[in-house]
Structure formats: structure tokens, C-alpha cells
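Have a look below at one chain only, the form predicted alone, in C-alpha cells format.
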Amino acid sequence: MPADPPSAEPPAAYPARLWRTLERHRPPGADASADAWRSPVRGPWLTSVFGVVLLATLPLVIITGFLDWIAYGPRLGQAFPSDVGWLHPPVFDWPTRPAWLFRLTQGLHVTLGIVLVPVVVAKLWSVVPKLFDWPPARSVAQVLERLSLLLLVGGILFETATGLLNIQYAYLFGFDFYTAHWYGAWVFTAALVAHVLIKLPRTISTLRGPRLMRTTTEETVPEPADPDGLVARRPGPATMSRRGVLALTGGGALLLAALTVGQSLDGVLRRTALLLPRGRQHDDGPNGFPVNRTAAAAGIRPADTGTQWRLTVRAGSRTVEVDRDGLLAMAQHTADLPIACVEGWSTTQTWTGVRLRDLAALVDAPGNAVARVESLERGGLFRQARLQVNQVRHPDSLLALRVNGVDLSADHGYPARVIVPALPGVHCTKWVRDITFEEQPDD
């Protein structure tokens, strides 16, 4: 039997007696578990490469996630979760330009989160032998490092799992997705910052060493024993080179990208979004683009949207009711605008309807008024939404009556729906029955 490689572990620190006692009292199977991981490609270099990839991309996922929370309008009390105390990024009114802003931020957040799954799995695979180290730490500093690592690994697995389930509309967990995902993001972000501060110097020095990616499978040998214990204690023969591991991981990421990115684009690529339940084109008709919530699911009956339907517009003591023919008789405006959903899909369509600012003028609403839009839908988390001043006043903000030259379908919000540049799709309220213009609340 080959001898164990020389240990690179530093001597036990205070309280040394505790660590030595743990070392003497090893749990059953500890050595067998540690020796079961025999791949010679594991080591500081491969782990560092995966770490650098994640360091370059995860901050973008985090930032776009926080931006999407701001896009929901925390100043109007409708971000989810709404009551987060001081635990939030700087808040500002979400801009309406460029019109594709939310399409970009949410598309990046979801698509990049999916594409990074193979990299996350590969990074965890590269460090999994550390889970079987005994003793698990040899100093108080290592205990703190392990705790931060536990939060980091647990955080990214939790965020990835709940995010993927949300995309698939599979709410298997018994808690609110928005609240859990929000606080999970903060835990993961804090752990990531701590991990980077601890590991970045060693990562840099490792990557400045030999370029191990150039070796073939036959030339692949284990790295020297390292202080982190990433190198296998009893490595077996190589079945894949480090270059092969990177190619396999990159290929998996590219495959997921090919099966996902089409949901955020229009055209032929939308048909390749096979992993997303709502991201594909329904048919080639004017109303053939995706929907999240159908009229049937929302409980909208034909009688609700028939000839008796009226839109009620209010501002202060002034109230006006308009039927659909009356809205069609008003000045019509057409705009090409995207609609983007929190699950990551988006599409640009041509919308025609009445400008929201014209409806505000109909009831003499003040120039700094926000709008509260209510739906015929009787239940649901997004049966109403509030729009910022800049969203009400934008020249392309519409109460849409038609799309792509035809009347809205029932699933797309007939008889009228809101469409606003850069607004999250859930706030582009469908089946509108009431719009109230009111003074903007104080921050």
C-alpha cells in the first residue's frame, strides 16, 4: 500500500488540546470516507479556476437580483418582501428608459443563474473531500472559516433550488418564495464576501503557478499536498485530464444556455427554450406570445369582459366611466414594448391603446400623481399594481386595447391591460377595471 503523502496541515492552534483530542477520537469510517475520493485532478488549481469563474459571474447574478427587487417599486410598498427594515440596497424610482431594462436585468439574473449550475456543481465536486476531514478544524479561525463556507454552500444551493422551482412553477416548499429568496440572497452574499476575503490571496498564488490545463490524461498527476487538503490522500489513476473536466463543465453550461436563452429573445431561438414552461411561442398568431396567468386561471368570466364592462378612472373627487368603444374613440398610440416576467421570459410586441397620461388628464389628475391599477381578477398576489410618476407620464405608457393590430385575447388582458416601458410583467395589470390617480406618498 503506498504511503500517505506528506501532510501540509499547519500545526494545531489554540486550544490545541481540543484539536488533538478530536484527532485521537476519529469517528468510524472517517479514513475510509476520506480515501474514497481518489481523483488526481482535484486540487487547488482546479478549485481556483472554478472559483474565479464564479467570482466573475455571481456578483452579476446578485446585483441583477437586487435591481429586480427595486423594479417592483419598494417606495410604493409593492416590492416582495416589502418590510425588510434596513436590509435593502439603495432604493430609487425604477427608470422607464431604456424600455428593455427589466428585460435585461431579469433575463440575466435567471439565465446566468441556470447556466452557472454546472460550474457550481463542479466547484462543489472539487472540494467535496473536505467534508470528510477529521478533525473538521484545527483552530478557531478554521471553525469560523468552515461556518462561512457552510453558509456559502447552503446559500447557493438554496437560492439555485428555489429559483429553479419558481421558474418551473413547482412550489414544493411550504414558504413564500419571494421572502425566502430575498433573505437567502443576503446570507449568500455575506458568506461570499467573507469567503473571497479569506481565499482570494491563495487563489491568485495558485493560478500564478504551473498551468496544469495543458497536461493530457496520461500526463495528469496529483498536485503536491496543500494546506486546504484538496488533493486526494490516495489518488488513483487519471481517467480525465483537468482540461477535460473544464471542457465538460463548460459544455454543460453552454448546453443550458442554448436551452434557456431563447426565452429572453424573440425569433427562432424562442423555440429552443425547452427548459422553460412559459418561454416558448404558443403559435404564430398576433396573440401567440407567452402568458403566465390565463383568464381561466384568474377566474375571469366572459360576462366580466362583455358589453357591460366599464373602466373607472378616478382622481380626487372626480370620477369618469368609459366603455371600450369610448376608449377606442380616444387618441390611440402605438409602441413596440417588451413585456418581461420574473421567471425570465420576455418578448417585444406592438401595443396600441390610450396613453396613461391622457387618462390622467381626463380626470384632471395632478402632474405628480401615481396610479393605482386594479384588475377584474378577484384574487391573486398581483391583482393590482401602483405605477410611479415617471411610469404614468412616459409617452409610451399605455392602457393597451390591441396588440399586433388585433384586439387583445382574453388571456392577454381583454378588454384592456397596462403596458409600461421597463416595468415587470406582473405589474402590467391585465383585465383592468379601475385606475385611481393619487398624490405620490412620502418616502
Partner chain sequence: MTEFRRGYGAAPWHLVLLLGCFAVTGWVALRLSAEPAAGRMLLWFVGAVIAHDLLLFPFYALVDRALRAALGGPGRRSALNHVRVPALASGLLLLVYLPGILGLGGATYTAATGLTPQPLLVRWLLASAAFFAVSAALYALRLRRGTPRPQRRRTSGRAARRPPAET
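Treat the numbers as computed from the prediction; the structure is a model and nothing was measured. Residue numbers count along the first chain shown, from 1.
Separately, the form predicted together with its partner chain exists; it is not shown, and the next lines address it.
> Go through 308-316, 77-85, 351-359, 91-99 and give me the stretch that gets within 4.5 Å of its partner chain in the model of the complex, heavy atoms only.
Among the candidates, contact is made by 77-85.
> Is its partner chain close enough to Gly285, Asn287 and Asp323 in the model of the complex that each of the three has a heavy atom within 4.5 Å of it?
Heavy-atom distance to its partner chain in the model of the complex: none of the three under 4.5 Å.
> So in the model of the complex, does any heavy atom of Arg417 sit within 4.5 Å of its partner chain?
No, Arg417 sits far enough from its partner chain in the model of the complex that none of its heavy atoms falls within 4.5 Å.
> If we define contact as a non-hydrogen atom of the residue within 4.5 angstroms of the partner, is Asp364 a contact of its partner chain in the model of the complex?
Residue-level check for Asp364: no, no contact with its partner chain.
> Leu172 versus its partner chain, in the model of the complex: is there a non-hydrogen atom within 4.5 Å?
Yes, Leu172 sits close enough to its partner chain in the model of the complex that at least one of its heavy atoms falls within 4.5 Å.
> Using 4.5 Å between non-hydrogen atoms, is Pro118 touching its partner chain in the model of the complex?
It does: once its partner chain is placed as it appears in the model of the complex, Pro118 has a heavy atom within 4.5 Å of it.
> Select from the listed residues Val268, Leu255, Ala303, Ala329 the one whose heavy atoms reach within 4.5 Å of its partner chain in the model of the complex.
Going through each option in turn, the one that passes is Leu255.
> Name the single residue among Leu246, Leu212, Leu104, Leu112 that comes within 4.5 Å of its partner chain in the model of the complex, judging by heavy atoms.
If I apply the 4.5 Å criterion carefully, the residue I get is Leu212.
> Mind listing which residues of 288-313 have a heavy atom within 4.5 Å of its partner chain in the model of the complex?
Val291, Asn292, Arg293, Thr294, Ala297, in sequence order.
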